[in-house]
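Heads up, the chain below is alone and in the form predicted on its own; it's given as structure tokens.
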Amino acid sequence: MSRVGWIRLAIVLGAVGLLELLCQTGVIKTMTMIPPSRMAVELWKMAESGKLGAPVAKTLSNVLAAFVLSVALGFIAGLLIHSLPRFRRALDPLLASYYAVPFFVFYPVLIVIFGMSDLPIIIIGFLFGVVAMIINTLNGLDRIPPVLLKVGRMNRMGSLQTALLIKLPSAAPYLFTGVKLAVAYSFIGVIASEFILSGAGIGYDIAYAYNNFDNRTMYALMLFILTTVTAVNMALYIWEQRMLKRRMGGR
């Protein structure tokens, strides 16, 4: 692990330790928050009892669907928008203000169209994540060094070769950023939808525990979400770093 990685780890552990101390000493009341150690214990108990399986399976399947759609369609849309400069200039203000839109107002319309199923929740998760992928695809394509494109033309490379051998590797760091943001936004969209629009899933269970003053269950599920999103993004970060090292090593 690099020095920066150790510093990040120390900051996280320090914050968790401070929170544990404040909860254990009563500075933060139990009705407000339980200690992180208690959250971990309750999460383990839920896993052992089997209560965690069904809501986790439902939520993660919805998140996965929203994430895959966000990345795939966001990447394709980014390529198309980048190839149409006039259309992009007209679309840029809309992309810049996109996250100011309250997506949940569309849920009644989605129910009318798709019915009471998981599909409206997946669509909302998709709407949260897709634009992050579009924007980062555009940023990556904008920052391809022109000299590399000239080299491709000099070597009479076709459009497909240029895309695979020049554009995609050059834009990779920005694409990975888009993928990581799509993971986070897909989780946010799906779980927030389950808070208010679903009868099952992690978001629904958190809302139900909150309404019944069940802090142990609520914080245990919140810990599960935090650790899952962090683990996924860390895995993507490690993969990104390995890909970049291979790329640099191949030069």
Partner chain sequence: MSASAVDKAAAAKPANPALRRWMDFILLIAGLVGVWYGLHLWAGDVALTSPYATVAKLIQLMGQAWFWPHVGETLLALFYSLLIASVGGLGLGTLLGIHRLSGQIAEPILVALYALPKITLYPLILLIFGLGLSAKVAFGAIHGIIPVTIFALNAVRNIKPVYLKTARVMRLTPLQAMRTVWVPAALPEIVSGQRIGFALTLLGVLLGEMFASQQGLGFLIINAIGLNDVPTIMALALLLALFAVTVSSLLLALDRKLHARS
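Bear in mind the structure is a predicted one, so any value in this text is a computation, not a measurement. Numbering follows the first chain given and starts at 1.
One more form of this protein, predicted in complex with the partner chain, exists but is not displayed; see below.
- Taking non-hydrogen atoms only, T217 never approaches the partner chain to within 4.5 angstroms in the predicted bound form.
- For the chain shown alone, I11 is a contact residue for the partner chain in the predicted bound form, at least one non-hydrogen atom being within 4.5 angstroms.
- Put simply, T230 is close to the partner chain in the predicted bound form: some heavy atom of it is within 4.5 Å.
- In the predicted bound form, the partner chain sits within 4.5 Å of a heavy atom of Y237.
- The listed set L149, L168, L84, L94 contains one residue whose heavy atoms approach the partner chain in the predicted bound form to within 4.5 Å, identified as L94.
- Of the residues L69, V56, I225, M46, just one reaches the partner chain in the predicted bound form with a heavy atom at 4.5 Å or closer; this is I225.
- Of the candidate stretches 70-78, 102-110, 115-123, 168-176, only 102-110 has residues with heavy atoms within 4.5 Å of the partner chain in the predicted bound form.
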